[in-house]
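Single chain ahead, written as structure tokens, the form predicted alone.
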Amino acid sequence: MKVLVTGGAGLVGSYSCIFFAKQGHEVIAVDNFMRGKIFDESGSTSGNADMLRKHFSNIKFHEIDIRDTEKLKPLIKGSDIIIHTAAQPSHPKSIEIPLEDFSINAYGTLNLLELTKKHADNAIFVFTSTNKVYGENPNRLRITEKETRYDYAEINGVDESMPLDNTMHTPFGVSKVAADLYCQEYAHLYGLKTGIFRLGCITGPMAKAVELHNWEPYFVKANIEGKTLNIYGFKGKQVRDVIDARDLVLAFEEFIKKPRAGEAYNMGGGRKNSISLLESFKIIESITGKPMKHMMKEAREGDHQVYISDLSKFKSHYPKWGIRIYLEEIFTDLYNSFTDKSFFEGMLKSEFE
């Protein structure tokens, strides 16, 4: 099969490329490597592309912007699977660049959908949306304060019935709402086999750590280097549910085997992989043996006080899938990715086998 992966050098994109390449498929990876420009060179994903080119002859990279219709057209033609992960991924950054954010996230996704409709209408189209489509609505849930975290007082996690409107989102949340709804619409109106995954915190060793995105590896890297972290609001008790990108790709596989067109799924680590920032300090310190330095700052616009995904809908549709990689292993892998030069060689050989 021919598999097209947008954002193929990014965290989710690179693991998608690895997974399908190991299955023997033809993998076409599209990336414009803008992440290094949006953040800085430390956030560049070009090294991931170099690594994948070196190890997999059936992964072909194309430096193309997802808004470039003419260059994308021949790549989409004949595609059996399209994994769309390319995005401007930071909600704080989107406040600085709202027009660029909209152009990449909303228009770029619409461009891909239209090309798919015209040139690969039987392809399965997986879209990585975000929990930021709910804006600040999760903060309106009744929340209780505990010693090291905030938590929901009445529910285990946020399900897909959470409203999308009448709240602040940041431009990132708005552009992703538009893209999310377009993916649903192209299923309902045109019959495309789209699946929408509203992601919580995704991480993994292929992540490129910057302060405005991928907090888990950024925290680990800061600890290793003895830097002082900025913690934005909520006394460091804000909670996120963390999913390793490798588990996410396996969820994609389940959807691809039996697509349910136009469905949206909340996808994160769930209750078992939920953790507050303060609680993450303890795990990281236990791995590195170094104290975590931090200072408190004002809360950022659009941040969730608590966000834990309710995975019930996806698990009811795809009962064979479940979380394999839990928090201790997630943070240990991140640490090894910074400190062990042989880590990636071993990971590329063993992953998904």
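This structure is a prediction, so every number in the text was calculated from the model and none was measured. Numbering starts at 1 and runs along the sequence shown.
One more form of this protein should be noted, the form predicted together with a small molecule, which is absent from this view; the next part is about it.
Interface membership of residue 33, defined by any non-hydrogen atom within 4.5 Å of the small molecule in the predicted bound form, is confirmed. Remark: residue 67 counts among the residues lining the small molecule in the predicted bound form, judged by a heavy atom distance of 4.5 Å or less. Using a 4.5 Å cutoff between non-hydrogen atoms, residue 45 counts as a contact of the small molecule in the predicted bound form. For residue 240, no non-hydrogen atom is located within 4.5 Å of the small molecule in the predicted bound form, even though that partner is not displayed. Though the small molecule is absent from this view, in the predicted bound form it lies within 4.5 Å of a heavy atom of just one residue from 97, 143, 256, 201, which is 201. Of the listed positions (223, 170, 130, 274), a single one reaches within 4.5 angstroms of the small molecule by any non-hydrogen atom in the predicted bound form, namely 130. Checking 208-216, 75-83, 185-193, 278-286 against the small molecule in the predicted bound form, the stretch whose residues place heavy atoms within 4.5 Å of it is 208-216.
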